[in-house]
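One chain is shown next in structure tokens, namely the form predicted alone.
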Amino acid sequence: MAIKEYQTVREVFGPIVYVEGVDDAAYNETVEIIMPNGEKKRGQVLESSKGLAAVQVFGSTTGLDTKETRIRFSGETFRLPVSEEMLGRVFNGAGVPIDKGAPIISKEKIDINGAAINPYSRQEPRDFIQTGISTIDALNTLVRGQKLPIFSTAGLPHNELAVQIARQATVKGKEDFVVVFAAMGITHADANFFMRDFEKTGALERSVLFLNLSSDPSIERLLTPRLALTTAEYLAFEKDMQVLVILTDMTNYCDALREIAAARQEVPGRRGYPGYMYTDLSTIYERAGTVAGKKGTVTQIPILTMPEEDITHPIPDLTGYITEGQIVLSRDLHRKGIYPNIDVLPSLSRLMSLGIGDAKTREDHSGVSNQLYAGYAEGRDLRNLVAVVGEEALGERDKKFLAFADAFEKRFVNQGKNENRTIEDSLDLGWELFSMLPESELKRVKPEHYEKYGKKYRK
């Protein structure tokens, strides 16, 4: 399409500029705003109807004169130049390099507003991804092509968990495993932490980082995850790589969505968020998966902080509907000094059964997982009883389950920020903890697995 220029700004409402006489502006079309002083800003078309286009400006609209400002419509949507040279690079939330490296020059430019994977082409995720974290690998297994969010709250170490997963994640037999990391609305301190950790550990060499700061324009936060996913899809489906996409923090993304909806004077929905937020989130989450005939895959770990620690808040609620489980971080465990503070009881991986078993992890994986859940759940229930009647009122059996719950948190859940456990390490640790319980209580593991893996831990 040809570039068209207009000098017909009708009004400016916050970060949105309304331009008259525009008959053929396309949704998400990129725009260049030329200020009276010659300064140029970028923008994007949010809406167009009856000759009036609403343009979201990337940045401040201070000094924007309605009579002198020129608006240049490009005729194209936002397109990202992609290449394998993006690995090891750091970009801002608009896709501009911020690591002092050269800009990415590529003939291949892809529209960032990609579509969800066609259900007809989508294949069932099957391969196990090892994160090195016992509570995920053994109890809430991540499967290649899955979308598994982490639900956190303010003040919990979800950033540390994110970089640890990015640093440690691997797929057995797949050396072409890469990470695309996108952070939205973060502070300068968080951005420095991410860059420093990726560089120090060498993880940056197989990663692409997109960092959107809290001081950056809100509209940029809506672009950042789409830039990351466009990069991931290119690396996965064009270059046959196994890509893990980590998105943090989706709450900042949704707040930006609400802010822009308010600027457009849209009727607010639940808790002030736009009614189309479910659809908008699905355009991000549904871009993960495996595609028939393609060797590469895209796996997603979105991270969000639940406002007011409310798991029924629209952001975690809608995320839970679209994705395939959730990893829930616990403030109580954090207070005890346990890291990672993953509460396994409300956590769930709906695709876990597809990624575990003989050839994928180990034959005893399912039984160990079920037995750990059962033992820990019973121990947690007994804590409530102890608070009422005291530990002295418990029988010997109950005291063993109570001790098991404490040991499970201190030894299985708790691990160092640099401790990378294999799945075998995690399962063996589970069998070691089972030695605290009566053999007759191990009802969820097969006798032959007990003989092979667990009996050696009995004194």
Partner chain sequence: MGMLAKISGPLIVGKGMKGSQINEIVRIGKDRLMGEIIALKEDTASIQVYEDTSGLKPGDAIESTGSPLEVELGPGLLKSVFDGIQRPLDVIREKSGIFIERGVDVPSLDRKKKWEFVATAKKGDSVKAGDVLGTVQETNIVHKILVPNGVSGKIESISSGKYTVIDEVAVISGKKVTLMQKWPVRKARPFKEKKPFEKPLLSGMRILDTMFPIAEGGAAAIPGPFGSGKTVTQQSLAKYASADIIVYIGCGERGNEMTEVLTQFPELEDPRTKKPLMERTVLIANTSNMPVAAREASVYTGITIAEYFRDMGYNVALMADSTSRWAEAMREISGRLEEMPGEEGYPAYLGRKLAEFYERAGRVVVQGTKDNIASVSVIGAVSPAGGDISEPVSQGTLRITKVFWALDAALARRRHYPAINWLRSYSLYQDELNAWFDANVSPDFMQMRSKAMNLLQKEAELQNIVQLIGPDALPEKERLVLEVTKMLREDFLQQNAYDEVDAYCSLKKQQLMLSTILHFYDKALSGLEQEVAFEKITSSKEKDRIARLKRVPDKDVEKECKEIVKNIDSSFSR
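Numbering follows the first chain given and starts at 1. Here the structure is a predicted model, which means the values were calculated and not measured.
Omitted here: the form predicted together with its partner chain. The next part is about that form.
Student: Quick one: of Ile105, Ala189, Ala115, Ala359, which gets a non-hydrogen atom within 4.5 angstroms of its partner chain in the predicted complex?
Tutor: The residue in contact is Ala115.
Student: Using heavy atoms only and a 4.5 Å cut-off, determine which of Gly101, Gly272, Pro346, Gly155 is in contact with its partner chain in the predicted complex.
Tutor: The residue in contact is Pro346.
Student: With the partner removed from view, which of 145-153, 244-252, 203-211, 158-166 is the stretch that lies within 4.5 Å of its partner chain in the predicted complex, judged by heavy atom distances?
Tutor: Residues of 145-153 come within 4.5 Å of the partner.
Student: Using heavy atoms and a 4.5 Å limit, would one call Tyr373 a contact residue for its partner chain in the predicted complex?
Tutor: Yes.
Student: Does any heavy atom of Asp428 come within 4.5 Å of a heavy atom of its partner chain in the predicted complex?
Tutor: Result no; Asp428 lies far from its partner chain in the predicted complex.
Student: So, in the predicted complex, is Arg264 in contact with its partner chain at a 4.5 angstroms heavy atom limit?
Tutor: Residue-level check for Arg264: yes, a contact with its partner chain.
Student: Consider Asn92 of the chain shown here, and say whether it contacts its partner chain in the predicted complex, taking contact as heavy atoms within 4.5 Å.
Tutor: Outside the cut-off, so no.
Student: Could you run down 9-40 and flag each residue that has a heavy atom within 4.5 Å of its partner chain in the predicted complex?
Tutor: Residues within 4.5 Å: Asp23, Asp24, Ala25, Ala26, Tyr27, Asn28.
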